[in-house]
Ligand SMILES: Cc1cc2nc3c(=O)[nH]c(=O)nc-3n(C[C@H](O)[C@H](O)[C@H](O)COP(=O)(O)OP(=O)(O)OC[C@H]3O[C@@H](n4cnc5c(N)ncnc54)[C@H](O)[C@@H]3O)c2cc1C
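First, one chain by itself: the form predicted alone, in structure tokens.
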């Protein structure tokens, strides 16, 4: 029997984020008022859970989704909005760990993930402001040769021609900051409003007769005979299969599986609208950007030309008290010209970071419980793919699910006691390294 703590409650005292201000909540009218039965119960109303619901309902299963707060409450509605191909690690690193064949399978799945999201947006007319192009901006001299190596390697072994190198002069024309030494454009990646996407997909799930119980936290799950019992204060759900889709908000619902990742908190600000002219003076072609430091900055412009800037990490269980200053101070270091610009919104979110930075998929309770987490800051597309692969696995086709579930993941030693201190030490080391190399 596994119990669940309440990490999601850390957002209860926050003010509204820009994303929340930009779209109406789903406000599902479904209510869990008594014990019920279902083929599938999904725990978590983010992109992994919603994608699982859509794909499983397509296969004819009756599906219930339980979300502790509102749809998109967690990282799916709080992230930087970068819809990236591939994995969190570069392909050459993945090849060294898993071999070329396995790495190529993951690469192809990463391409499929972005294509799937684009198709869902187009086919269902989800207005989430999809824009092409994500730039990696080099902070260190070594990044220049690494960019050139990656471009050549991906062309030679993957037939991928979607990268473009920018030298120092070119990157300064693209990004109006003195911080960067070079850049690499990924034309296979995009950026968008993630909460609009999440709520748009939840509406698709509702149209496919998925019952969505918001404000319904799950306290525990346990196996009983040939079923799994999902327990909340509002009622008991008896399901043939359960999908746990909580990512950084997982806590103890899967027991020791939480020790496969480190939860970190990241912070974002949104400025007042700058207008298109001024915005394009900062990022010429309206690309999303992330830099090459270990503790990265990432940013882009919103649909109404606000600078959405994320950066900085904390690893205590509580958020910083002033996310606005925490993230905006980093923004001004990159763009001093924004020093006097008003910050309209600030918020935080929790990520699940695995040691190898690859997602962790698996099953428990004799294959009755499926899970996926640990996207390591690269989950916008991969979480939608995860739901698709979970549905395939539940439906008796585990081959593609196994490309992720077969990856060996290290557990954090001594679990809950040491996983935050270990990461704290690592963060301190990389902060010093980033500073010395800058």
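Numbering follows the first chain given and starts at 1. Just so you know, these numbers come straight off a predicted model, no measurement behind them.
A second form of this protein, the form predicted in complex with this ligand, is not displayed here; the remarks below concern that form.
J.: So which of 122-130, 362-370, 158-166, 346-354 is the stretch with heavy atoms within 4.5 Å of this ligand in the model of the complex?
T.: Stretch with heavy atoms near the partner: 346-354.
J.: Since exactly one of 136, 189, 271, 247 fits, which has a heavy atom within 4.5 Å of this ligand in the model of the complex?
T.: Selected option: 247.
J.: Heavy atom within 4.5 Å of this ligand in the model of the complex: which of 196, 78, 241, 258 fits that? Just give me the one.
T.: Checking each option against this ligand in the model of the complex, the one that comes within 4.5 Å is 78.
J.: Taking any heavy atom pair closer than or equal to 4.5 Å as contact, tell me whether residue 68 reaches this ligand in the model of the complex.
T.: Flag for residue 68 set to yes.
J.: Check whether residue 48 has any heavy atom within 4.5 Å of a heavy atom of this ligand in the model of the complex, and answer yes or no.
T.: The answer is yes: residue 48 has a heavy atom within 4.5 Å of this ligand.
J.: Under a 4.5 Å heavy atom criterion, is residue 378 part of the interface with this ligand in the model of the complex?
T.: Residue 378: yes, in contact with this ligand in the model of the complex.
J.: Whether residue 217 contacts this ligand in the model of the complex should be assessed with a 4.5 Å heavy atom distance threshold; does it?
T.: Judged by the heavy-atom cut-off of 4.5 Å, residue 217 is in contact with this ligand in the model of the complex.
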